[in-house]
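A lone chain, given as structure tokens: the form predicted alone.
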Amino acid sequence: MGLMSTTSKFEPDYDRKAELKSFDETKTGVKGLVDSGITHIPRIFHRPPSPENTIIEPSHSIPNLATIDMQGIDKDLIKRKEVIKNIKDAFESWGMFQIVNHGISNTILDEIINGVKRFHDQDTDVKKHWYIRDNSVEQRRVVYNSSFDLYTAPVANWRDTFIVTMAPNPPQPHELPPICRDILIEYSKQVLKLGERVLQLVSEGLGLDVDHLTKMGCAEGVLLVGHYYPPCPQPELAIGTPNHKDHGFITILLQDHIGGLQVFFQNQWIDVPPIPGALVVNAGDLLQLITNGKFVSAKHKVVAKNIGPRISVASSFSTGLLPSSKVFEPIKELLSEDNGAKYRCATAKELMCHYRGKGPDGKFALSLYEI
């Protein structure tokens, strides 16, 4: 299978720090650049040459990510067992799958996409109120910026983002942006219920009691992340979201029709096609840790496109940076003499801090906890 390089010559011979600072101080994000009419992207967005920065040419031999139909699993025991097996197989191999007939209506899905778009499209002076570079959710219930690791990453992301901590202590309505307040509240309620349901199926797939993972606290926290990827005039030079793994237990992702999400599987990047009404579910580092590596944290990224804006809504099941003394370790029921613990214990905050602080060496946070 051929690979087509999309990198450009990386030129560090400029004042990168000054350019980053200048971009950050506008508080208008990548959308502000596009609105200004640029035809060439600033060099802070030029990705350095790397084997990761490739696009796979279309081929009929590319494997497809599983799409799992959850219809009727609460009434049909045979169907439930089939779904549990499919989830188990997907998490053991891909670390990711898509679900349909999951219980959240298309009306709600469309409205949360529109709500995220409304936030990013609103008047700049209003939006600037939410802009903050310190991403600590302890300081602000809603954080809006562009590239949380802007000053430490080797390349800036071609996207703008807002993050809201919706659980365990949901914000009061007046603490949320008025332009998308109602749908943030409603969608987070529904996605929390769905996440608990998925974790029950995952528990059963591990041979554990149905509520094992929820009792551990895997659904205690939810971070809702609204991404906005403006059309990029030079998509071959940029990256929407770099190659990464999520830090939490699971992430439930809604993407619009634009596409661009890719998952790494069998040593190649595979497109995750948008399916109307579908949600993407992927495992994060904390799930890999507590399952002792039985389930794998999905490596994924988002490529930049010259069309858009692309909108996605990620619901990460983790308490993130919230203070918590709860320690997670490999589940004892999954260990044996022949299968000892592969990871040291960690708190959600520790993993999140390592995730945010990882440098250009490409190391993932979970690798720091391997025994």
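All residue numbers refer to positions in the sequence shown, first residue = 1. All figures in this text were calculated on a predicted structure; none of them were measured in a lab.
This protein has a second form, the form predicted together with a small molecule, left out of what is shown; the following refers to that one.
Heavy atoms within 4.5 Å of the small molecule in the model of the complex are found in exactly one of 66 to 74, 310 to 318, 25 to 33, 332 to 340, that being 310 to 318. Checked against the small molecule in the model of the complex, the residues 227, 102, 127, 140 give one hit for a heavy atom within 4.5 Å, which is 227. This chain is displayed alone, yet in the model of the complex one of 80, 133, 244, 193 has a heavy atom within 4.5 Å of the small molecule; that residue is 244. Although the partner is absent here, residue 120 lies well away from the small molecule in the model of the complex, with no heavy atom inside 4.5 Å. Residue contact check for residue 304: none of its heavy atoms lie within 4.5 Å of the small molecule in the model of the complex. Interface residue remark: residue 199 is not counted as part of the site for the small molecule in the model of the complex, having no heavy atom within 4.5 Å. Using a 4.5 angstroms threshold between heavy atoms, residue 261 counts as touching the small molecule in the model of the complex.
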